[in-house]
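Next up is one chain by itself, shown in structure tokens, the form predicted alone.
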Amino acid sequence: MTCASDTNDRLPPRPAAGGDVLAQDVKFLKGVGPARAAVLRDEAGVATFGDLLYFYPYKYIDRSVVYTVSQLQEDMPYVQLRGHILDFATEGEGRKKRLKAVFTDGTGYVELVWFAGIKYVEKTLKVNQTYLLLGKPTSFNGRFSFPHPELEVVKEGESQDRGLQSTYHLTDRMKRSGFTSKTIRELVARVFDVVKDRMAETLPPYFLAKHRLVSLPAALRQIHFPQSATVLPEAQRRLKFEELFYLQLDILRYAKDRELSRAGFLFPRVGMAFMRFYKEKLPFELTGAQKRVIKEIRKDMVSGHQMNRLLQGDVGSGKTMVAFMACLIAIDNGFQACIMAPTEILAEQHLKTVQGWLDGLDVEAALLTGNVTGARRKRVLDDLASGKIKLLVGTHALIEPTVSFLNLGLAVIDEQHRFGVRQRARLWAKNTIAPHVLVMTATPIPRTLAMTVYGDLDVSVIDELPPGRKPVKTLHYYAENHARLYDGIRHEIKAGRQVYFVFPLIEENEKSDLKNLELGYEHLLKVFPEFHIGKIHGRMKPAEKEQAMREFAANHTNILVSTTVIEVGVNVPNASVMVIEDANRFGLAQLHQLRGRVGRGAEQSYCILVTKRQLSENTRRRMAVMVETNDGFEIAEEDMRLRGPGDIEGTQQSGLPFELKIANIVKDSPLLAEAREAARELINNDPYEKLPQNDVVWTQLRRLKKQIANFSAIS
């Protein structure tokens, strides 16, 4: 089979189909060709003329000032010099070969060095020609040198003020192929020369006026060749706004399509089970946040559309109670409900909790996990299919093909990030009409990320803790304070409470980390010979892990030495101390999740972060945030500020509907909110995509979706 790119390499230059000049293969651009086109495609994702225009600079250098060699100092950023080359010399052989030149401006001498593209440099640069040099000076033994400088011939009488100059991210392979920021600028300029005034606008005129946006051709030209520092922000705002707008439009259109097309079960009744539980059996008064969220869920259930709601709340905020009461609404309306948990032990705990709440309500609940086998499993499956079991609690075993509900009306998914989209879809297929879906997470998601990554889900937030729950006290200890720490632990255990000791387990250091855990375990056995100490980590067999957690939950173990496998674990109200060793190796979100394992009982609980004394500024800030606040949403926002949106709870920016080339959902969050509102307004005004003034919007969205689909097929 012939690869498309191989075929194209043998074709003569030709205009792109339909006359769309921006869709032309970049190899047909003067100065590129097949070999360099392959480098641009593989290293920068640039395959067409249009891609080159959207290959944005990452910074700009002010070229309004020309320095002299005598003015150079250490740690200067990019500088300009005006002078000439005195001579060239080559050193080394093969891959170690380098080209050196002596450059002077009359006030001193500097060395220029090239490690790649040597033939091109020798062919194009001349001795005694006047050049304007741009580069980053490095100092060694009092002598300055410039690796791979940019050199531009200066014509007599020409202004030396080059204003702001764009700089592009270049990989090592691009540099070896002769690409510099100057090369990219030249190629971009050629695209503009070819395109001239044939560039189509991607937003309607009324939209540009309403949101004060410059035109696309103007924005693209200014982003690569800014005339001044005052016009650059206007170009950046236009291009960022467009990216965020189409991102939000895609998400909100998907949600709107689902609302318009996907019917949902109607649950009009608040029946006997719900009312008896609420009036007679509720173990504590609901918080205002819990009441608000139940009303939001109830509104979904009578809308006639399928509910897809994300329920956020810190550990201990009462999400399970809200989910259980939602299940009762489904059951009162003649439907079944299920709660799906990420682990068997957590599923067992959920069942034990709901069975206590269901006592006397004439509602049968059952468990289905991998451990439920044989005749017991058959009985559960039969009773589920007949409708006798109203509430099924389990793990991913619930989505197996052999599991058939009579009429599943509500699916509650605990810790959503443990279940993939395909798995949830298999759960939807358990009924002719997809059941309502309530996704629970104890990982607070920053608002900016939630409106993007979970933009198709309606979000409910429980932002209050139940009355009487004491906030966990968080302390930061240095490693040399272990003796004091051990005294405090001994005091807590003698008072009848239990302790977690968590060690990091990072994949690339798994062997050394496991060794650290084992050494830590052995050390604690010596420090606390009077107490029972257990251990748990991911390399243990499932049955061993289950046993270790059960013994801790039953208070047979005083101290549990663990990796982060307990992050999503059982509820042990008696555990009052969480010690996190090498806390500097954990992210804020993970530290907060671990801290949530304690503070579940009435006693005061503690989280002790243990680190070495020498810490980076970023790490010191993380520790300070943990000590200062227990607010999960505050922590999530700070986490995203410190780390960027790259990988918050496994949600990578590459997982967004479209790649963001210039916008950043953290730094540009006010613009994101504005773009989302603009997208929402457009969809509400044009839900069926019929208004002619919006044709350009829907055409561009389809084009973007097609590009992503094509790219996914290739990759």
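So that there is no doubt, residue numbering starts at 1 and follows the sequence shown. The structure presented is a predicted model; accordingly, all values stated were derived computationally and were not measured.
What comes next is about the form predicted together with adenosine-5'-diphosphate, which is not displayed.
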Considering adenosine-5'-diphosphate in the predicted complex, which of Asp639, Asp314, Glu243, Glu348 comes within 4.5 Å of it through any heavy atom?
Asp314
With the partner omitted here, the residue among Phe528, Phe633, Tyr78, Trp357 that in the predicted complex has a heavy atom within 4.5 Å of adenosine-5'-diphosphate is Trp357
4.5 Å heavy atom contact, Thr287 and adenosine-5'-diphosphate in the predicted complex
yes
Closest heavy atom of Asn571 to adenosine-5'-diphosphate in the predicted complex, within 4.5 Å or not?
yes
Counting only non-hydrogen atoms and a 4.5 angstroms cut-off, does Arg309 reach adenosine-5'-diphosphate in the predicted complex?
no
Look up in the predicted complex whether Gly163 has a non-hydrogen atom within 4.5 angstroms of adenosine-5'-diphosphate, and give yes or no.
no
Could you tell me which stretch in 402 to 410, 333 to 341, 184 to 192, 287 to 295 has residues with non-hydrogen atoms within 4.5 Å of adenosine-5'-diphosphate in the predicted complex?
287 to 295
